[in-house]
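Below you'll find only one chain, the form predicted on its own, shown as structure tokens.
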Amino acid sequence: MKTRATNLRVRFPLFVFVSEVIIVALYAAFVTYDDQADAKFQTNQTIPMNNAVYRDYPVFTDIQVMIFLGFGCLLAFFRLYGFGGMVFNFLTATFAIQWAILVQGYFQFYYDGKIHLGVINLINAEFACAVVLISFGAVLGKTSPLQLLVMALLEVPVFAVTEWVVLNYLKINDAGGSILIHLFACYFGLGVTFVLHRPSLNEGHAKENSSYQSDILSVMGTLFLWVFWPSFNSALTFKGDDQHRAILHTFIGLSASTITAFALSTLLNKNGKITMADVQNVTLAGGVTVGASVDMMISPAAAYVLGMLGCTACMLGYKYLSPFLAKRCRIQDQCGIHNLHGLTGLISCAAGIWAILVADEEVYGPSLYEIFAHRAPVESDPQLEKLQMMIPGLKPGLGRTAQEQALFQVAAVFSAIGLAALGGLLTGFVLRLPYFASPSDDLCFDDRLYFEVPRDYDSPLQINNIMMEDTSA
């Protein structure tokens, strides 16, 4: 009966093929090339190196590595769910990017009845994909591949609507995606796992642990994410000194969180040893905590402090908050996304708000109104003409004060969390439908249910059992 209930032979291919037909039809009807990819705009006078691909493609490939290798390896830490962690990441990411091109195209790049596709659109779609993959971490091992695709199908539009509202109506600064990526993904994922709560997993699961090999693979994912995180944080900043600062701050924040993670892991372990889960996750906290202020003049010292603070919050969250949420609040956060993306995202947003409040022309010069574009004078203000003489191409702003911009940042935080949580709860109720083939409790965190596995796939478990028997004898 369980096999019949979770068998995907018909329903999974049916969903995929129907989705592909719909996506092809929508691409044919609405998607075309942007000016930088359209042959009609290529002439003998065009300098190839001026094409946007040379500016944007390196960042695109860096984020590709993070999504497919970084996330993929990182999620392979369960000893019997390595296939699921890596392959379902691959599957979900590919589908989410295809879908995000259409959905974000409608909300952000809709001109003349067409979606104009270029590399920058792919980068934006990758950010939407990263949101889905972070949320995926909350339900890792407890969902079928069909549930994951449906989750991506629903999450991407909710994210796109939230992004549209926050950027076009609240008009905020969020270069590193602390609000729109980390907080949104976290609370969407928590909303889903709250609805999909499994009481029998409150005290853990026999297969919910790692092996020597799976931990090494997961650390490889951490290293991929660590190395390429500066590209992620700086991708959408202004080219030049803003992007330069974003790279510096991200590296410093990551370095600080890494060193602090090793120290805290040893301190909080009763045997004074390093815990691999801390290396895999907590070391990355600095990349999140500098995100909201990554392109601002916060100083290298502040970036270092943010890395330390983020690491500390993330570490304490894993040790104390996650067990409490699982037992008392029905939130079984499998990968601890609330610690790495939620707590650190809130710290990052607080730092970004403070950086906005203290930003002035003495520190930034005229570029203050380029970095904080909504603080630029309105079109009728004589001050705008003077600024445009110093910064050619500067666009009119909204004339906001620092305090007004900070209040809009606060509003964006609460809006993103609220919309994400609501979207996650509604998505969770959809995923509970029997048709989507949720695995039974005893088959969670086990590749046998959805994969043809090699005969020795559970050899780490067998070796450990043999060693325990020898020790007890």
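Just so it is clear, the structure is predicted and the values come from calculations on it, not from any experiment. Don't overthink the numbering: it's just position in the shown sequence, from 1.
Form predicted together with another copy of the chain: not shown, discussed below.
- Heavy atoms within 4.5 Å of another copy of the chain in the model of the complex are found in one stretch of 166-174, 153-161, 290-298, 349-357, which is 290-298.
- Among 437, 419, 406, 69, the residue placing a heavy atom within 4.5 Å of another copy of the chain in the model of the complex is 69.
- When another copy of the chain is considered in the model of the complex, residue 392 lines it closely, a heavy atom lying within 4.5 Å.
- Another copy of the chain in the model of the complex is not approached by residue 380, whose heavy atoms all lie more than 4.5 angstroms from it.
- Contact annotation for residue 365: at least one heavy atom lies within 4.5 Å of another copy of the chain in the model of the complex.
- Although the partner is absent here, residue 187 is not a contact residue: none of its heavy atoms lies within 4.5 angstroms of another copy of the chain in the model of the complex.
- Along 77-99, residues 79, 80, 81, 82, 83, 86, 87, 88, 90, 91, 94, 95, 97, 98 each place a heavy atom within 4.5 Å of another copy of the chain in the model of the complex.
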